[in-house]
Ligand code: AMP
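The chain below stands alone and is given in C-alpha coordinates; this is the form predicted alone.
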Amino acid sequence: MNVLIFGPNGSGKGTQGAIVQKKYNVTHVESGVIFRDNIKKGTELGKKAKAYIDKGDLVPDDITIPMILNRLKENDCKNGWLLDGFPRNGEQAKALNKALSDAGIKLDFVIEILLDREIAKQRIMGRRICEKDGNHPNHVFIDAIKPAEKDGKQVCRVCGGALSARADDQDENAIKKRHDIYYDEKNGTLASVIFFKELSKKNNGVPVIIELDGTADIKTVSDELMKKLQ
(Lines give C-alpha, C1' and ligand atoms only; values in the text may rest on other atoms or scores of the structure.)
Protein backbone atom coordinates (compact mmCIF):
# COMPACT_ATOMS: atom_id res chain seq x y z
CA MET A 1 0.00 0.00 0.00
CA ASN A 2 1.49 3.31 -1.15
CA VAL A 3 -0.07 6.46 0.29
CA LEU A 4 0.20 10.24 0.13
CA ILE A 5 -1.23 12.17 3.08
CA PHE A 6 -2.24 15.83 3.10
CA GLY A 7 -3.55 18.10 5.83
CA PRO A 8 -2.79 21.57 7.20
CA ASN A 9 -0.78 22.11 10.37
CA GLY A 10 -3.18 21.41 13.21
CA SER A 11 -5.26 18.82 11.35
CA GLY A 12 -3.84 15.76 13.09
CA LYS A 13 -2.07 14.58 9.94
CA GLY A 14 0.93 13.26 11.88
CA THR A 15 -1.28 11.35 14.30
CA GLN A 16 -3.35 9.72 11.55
CA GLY A 17 -0.21 8.94 9.55
CA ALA A 18 1.25 7.12 12.55
CA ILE A 19 -1.96 5.09 12.90
CA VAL A 20 -1.79 4.03 9.23
CA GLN A 21 1.89 3.17 9.58
CA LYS A 22 1.28 0.94 12.56
CA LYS A 23 -1.88 -0.70 11.21
CA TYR A 24 -0.51 -1.57 7.78
CA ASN A 25 3.20 -1.86 8.59
CA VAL A 26 4.20 0.70 5.97
CA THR A 27 7.20 3.01 6.18
CA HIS A 28 6.53 6.63 7.12
CA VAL A 29 8.60 8.76 4.76
CA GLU A 30 9.04 12.46 5.53
CA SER A 31 10.49 14.75 2.90
CA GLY A 32 12.49 16.77 5.44
CA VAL A 33 14.19 13.63 6.76
CA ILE A 34 15.15 12.63 3.20
CA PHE A 35 16.95 15.94 2.70
CA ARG A 36 18.80 15.68 6.01
CA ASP A 37 19.83 12.07 5.38
CA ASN A 38 21.17 12.79 1.89
CA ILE A 39 23.15 15.78 3.11
CA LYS A 40 24.50 13.90 6.13
CA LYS A 41 25.58 10.92 4.01
CA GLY A 42 27.14 13.19 1.40
CA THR A 43 25.28 11.67 -1.56
CA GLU A 44 25.60 13.39 -4.92
CA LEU A 45 22.01 14.60 -4.68
CA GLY A 46 22.65 15.67 -1.10
CA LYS A 47 25.65 17.75 -2.13
CA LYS A 48 23.62 19.44 -4.86
CA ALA A 49 20.75 20.11 -2.47
CA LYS A 50 23.10 21.55 0.17
CA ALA A 51 24.52 24.01 -2.34
CA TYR A 52 21.06 25.50 -2.84
CA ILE A 53 20.13 25.36 0.86
CA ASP A 54 23.37 27.11 1.88
CA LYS A 55 22.45 29.99 -0.44
CA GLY A 56 18.95 30.14 1.00
CA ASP A 57 17.42 28.97 -2.27
CA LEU A 58 14.74 26.34 -2.81
CA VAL A 59 16.05 22.97 -3.97
CA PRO A 60 14.87 22.35 -7.57
CA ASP A 61 12.45 19.53 -8.26
CA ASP A 62 14.95 17.74 -10.49
CA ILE A 63 17.02 17.16 -7.33
CA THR A 64 14.17 16.67 -4.86
CA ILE A 65 12.15 14.15 -6.89
CA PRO A 66 15.06 11.72 -7.47
CA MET A 67 15.92 11.86 -3.75
CA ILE A 68 12.35 10.96 -2.85
CA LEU A 69 12.15 8.26 -5.52
CA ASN A 70 15.41 6.69 -4.29
CA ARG A 71 13.98 6.61 -0.78
CA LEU A 72 10.76 4.93 -1.92
CA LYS A 73 12.80 2.22 -3.64
CA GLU A 74 14.68 1.23 -0.47
CA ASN A 75 14.05 -2.17 1.10
CA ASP A 76 11.99 -0.90 4.02
CA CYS A 77 9.47 0.56 1.56
CA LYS A 78 8.83 -2.71 -0.29
CA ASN A 79 5.78 -3.42 1.89
CA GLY A 80 4.47 0.07 1.22
CA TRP A 81 5.05 3.67 2.22
CA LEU A 82 3.27 6.76 3.46
CA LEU A 83 4.79 9.95 2.07
CA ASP A 84 4.30 13.06 4.21
CA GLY A 85 5.36 16.63 3.39
CA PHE A 86 5.59 16.31 -0.38
CA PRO A 87 4.44 17.41 -2.93
CA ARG A 88 3.80 21.01 -1.93
CA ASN A 89 2.46 22.41 -5.20
CA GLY A 90 0.85 21.32 -8.44
CA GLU A 91 4.04 21.13 -10.48
CA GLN A 92 5.67 18.90 -7.88
CA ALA A 93 2.57 16.69 -7.90
CA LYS A 94 2.82 16.26 -11.67
CA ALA A 95 6.56 15.57 -11.49
CA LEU A 96 6.16 13.05 -8.67
CA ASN A 97 3.34 11.25 -10.47
CA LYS A 98 5.44 10.96 -13.63
CA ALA A 99 8.48 9.72 -11.68
CA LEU A 100 6.40 7.07 -9.91
CA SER A 101 4.83 5.99 -13.19
CA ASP A 102 8.19 5.78 -14.97
CA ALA A 103 9.56 3.69 -12.08
CA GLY A 104 6.56 1.36 -12.15
CA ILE A 105 5.46 2.37 -8.66
CA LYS A 106 1.71 2.56 -8.09
CA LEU A 107 0.17 5.22 -5.88
CA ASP A 108 -2.80 3.56 -4.16
CA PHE A 109 -4.33 6.17 -1.87
CA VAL A 110 -4.34 9.94 -1.38
CA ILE A 111 -5.60 10.98 2.06
CA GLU A 112 -6.80 14.54 2.61
CA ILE A 113 -7.76 15.76 6.07
CA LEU A 114 -10.20 18.64 5.62
CA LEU A 115 -10.10 21.41 8.19
CA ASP A 116 -11.20 25.04 8.17
CA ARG A 117 -8.26 27.41 8.33
CA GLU A 118 -9.40 29.22 11.49
CA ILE A 119 -10.04 25.92 13.29
CA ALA A 120 -6.58 24.70 12.21
CA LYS A 121 -5.07 27.85 13.71
CA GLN A 122 -6.94 27.34 16.99
CA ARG A 123 -5.83 23.71 17.08
CA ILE A 124 -2.20 24.82 16.92
CA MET A 125 -2.47 27.75 19.34
CA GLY A 126 -4.55 25.82 21.87
CA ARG A 127 -2.12 22.95 22.42
CA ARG A 128 -0.59 22.72 25.89
CA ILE A 129 2.32 20.52 26.95
CA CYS A 130 2.38 18.73 30.32
CA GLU A 131 5.72 19.01 32.13
CA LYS A 132 5.36 15.46 33.47
CA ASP A 133 4.24 13.65 30.32
CA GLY A 134 4.11 15.15 26.83
CA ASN A 135 1.61 12.48 25.78
CA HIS A 136 -1.10 13.81 28.12
CA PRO A 137 -3.55 15.62 25.81
CA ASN A 138 -4.50 19.14 26.85
CA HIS A 139 -6.12 21.74 24.59
CA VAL A 140 -7.77 25.00 25.59
CA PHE A 141 -10.18 25.00 22.62
CA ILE A 142 -11.34 21.37 22.75
CA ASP A 143 -13.86 20.68 25.49
CA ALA A 144 -13.10 16.96 25.78
CA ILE A 145 -9.46 17.60 26.67
CA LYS A 146 -9.53 21.05 28.24
CA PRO A 147 -6.96 21.55 31.01
CA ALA A 148 -8.11 21.41 34.61
CA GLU A 149 -7.81 24.39 36.93
CA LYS A 150 -5.98 24.61 40.22
CA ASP A 151 -5.40 27.76 42.25
CA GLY A 152 -6.55 29.84 39.30
CA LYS A 153 -4.07 28.23 36.89
CA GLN A 154 -4.50 25.68 34.11
CA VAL A 155 -2.95 22.31 34.89
CA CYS A 156 -2.81 18.96 33.12
CA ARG A 157 -6.23 17.33 33.04
CA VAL A 158 -4.61 13.89 33.48
CA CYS A 159 -2.02 14.33 36.22
CA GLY A 160 -2.28 17.93 37.42
CA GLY A 161 1.18 18.81 36.15
CA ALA A 162 2.16 22.30 35.04
CA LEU A 163 1.38 23.21 31.43
CA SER A 164 3.24 25.26 28.87
CA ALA A 165 2.79 26.26 25.23
CA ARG A 166 5.42 25.85 22.54
CA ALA A 167 6.69 29.24 21.36
CA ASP A 168 6.14 28.41 17.68
CA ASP A 169 2.54 27.39 18.46
CA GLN A 170 1.87 30.95 19.62
CA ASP A 171 3.53 32.69 16.65
CA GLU A 172 0.54 33.77 14.55
CA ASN A 173 2.73 35.06 11.72
CA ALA A 174 4.56 31.72 11.44
CA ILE A 175 1.26 29.84 11.47
CA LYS A 176 -0.13 32.18 8.80
CA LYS A 177 2.88 31.58 6.54
CA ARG A 178 2.55 27.79 6.81
CA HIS A 179 -1.18 27.95 6.18
CA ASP A 180 -0.76 30.40 3.28
CA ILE A 181 1.32 27.75 1.56
CA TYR A 182 -1.04 24.88 2.35
CA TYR A 183 -4.41 26.48 1.53
CA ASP A 184 -3.29 28.04 -1.80
CA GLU A 185 -5.25 26.15 -4.48
CA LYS A 186 -3.24 27.63 -7.36
CA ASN A 187 0.37 27.53 -6.21
CA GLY A 188 0.32 25.76 -2.85
CA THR A 189 -0.23 22.34 -1.35
CA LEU A 190 -3.94 22.19 -2.15
CA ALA A 191 -2.97 22.45 -5.83
CA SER A 192 -1.29 19.06 -5.34
CA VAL A 193 -4.46 17.61 -3.86
CA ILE A 194 -6.51 18.99 -6.75
CA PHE A 195 -4.11 17.41 -9.26
CA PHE A 196 -4.46 13.95 -7.73
CA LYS A 197 -8.25 14.28 -7.51
CA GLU A 198 -8.40 15.10 -11.22
CA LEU A 199 -5.99 12.24 -11.95
CA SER A 200 -8.22 9.85 -10.01
CA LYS A 201 -11.26 10.88 -12.06
CA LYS A 202 -9.37 10.26 -15.30
CA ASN A 203 -8.06 6.87 -14.12
CA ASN A 204 -11.34 5.38 -12.89
CA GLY A 205 -10.66 6.03 -9.24
CA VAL A 206 -6.91 5.38 -9.16
CA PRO A 207 -5.47 6.55 -6.85
CA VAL A 208 -8.33 6.26 -4.38
CA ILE A 209 -9.08 9.65 -2.83
CA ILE A 210 -9.99 9.61 0.86
CA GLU A 211 -11.42 12.79 2.37
CA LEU A 212 -11.71 13.01 6.15
CA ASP A 213 -13.48 15.52 8.38
CA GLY A 214 -10.67 16.89 10.50
CA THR A 215 -13.05 18.52 13.00
CA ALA A 216 -13.86 15.14 14.56
CA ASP A 217 -11.90 13.57 17.42
CA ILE A 218 -8.86 11.38 16.72
CA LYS A 219 -10.66 8.05 17.13
CA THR A 220 -13.59 9.06 14.91
CA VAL A 221 -11.21 10.21 12.17
CA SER A 222 -9.04 7.09 12.42
CA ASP A 223 -12.08 4.77 12.42
CA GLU A 224 -13.37 6.43 9.25
CA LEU A 225 -9.91 6.25 7.69
CA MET A 226 -9.55 2.53 8.43
CA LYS A 227 -12.93 1.83 6.80
CA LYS A 228 -11.95 3.70 3.64
CA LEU A 229 -8.54 2.06 3.39
CA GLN A 230 -10.05 -1.41 3.01
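Every value quoted in this text rests on a predicted model; they were computed, and no experiment measured them. The numbering used is simple: start at 1 and walk along the sequence shown.
Unshown form predicted together with this ligand; subsequent notes refer to it.
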inquiry  = Under a 4.5 Å heavy atom criterion, is residue 53 part of the interface with this ligand in the model of the complex?
reply    = yes
Do residue 32 and this ligand come within 4.5 Å of each other in the model of the complex, heavy atoms counted?
-> yes
Report task. Report yes if any heavy atom of residue 137 sits within 4.5 Å of a heavy atom of this ligand in the model of the complex; otherwise report no. Result -> no
### Query
Taking heavy atoms only, is residue 126 within 4.5 angstroms of this ligand in the model of the complex?
no
Note: exactly one of 90, 147, 80, 85 sits with a heavy atom within 4.5 Å of this ligand in the model of the complex, namely 85
Checked 175, 59, 45, 191 for heavy atoms within 4.5 Å of this ligand in the model of the complex; positive is 59
Under comparison with the form shown, the C-alpha atoms of residue 191 and residue 58 in the model of the complex shift by 3 angstroms or more, placing them closer
The CA atoms of residue 63 and residue 100 move 3 Å or more in the model of the complex, ending up farther
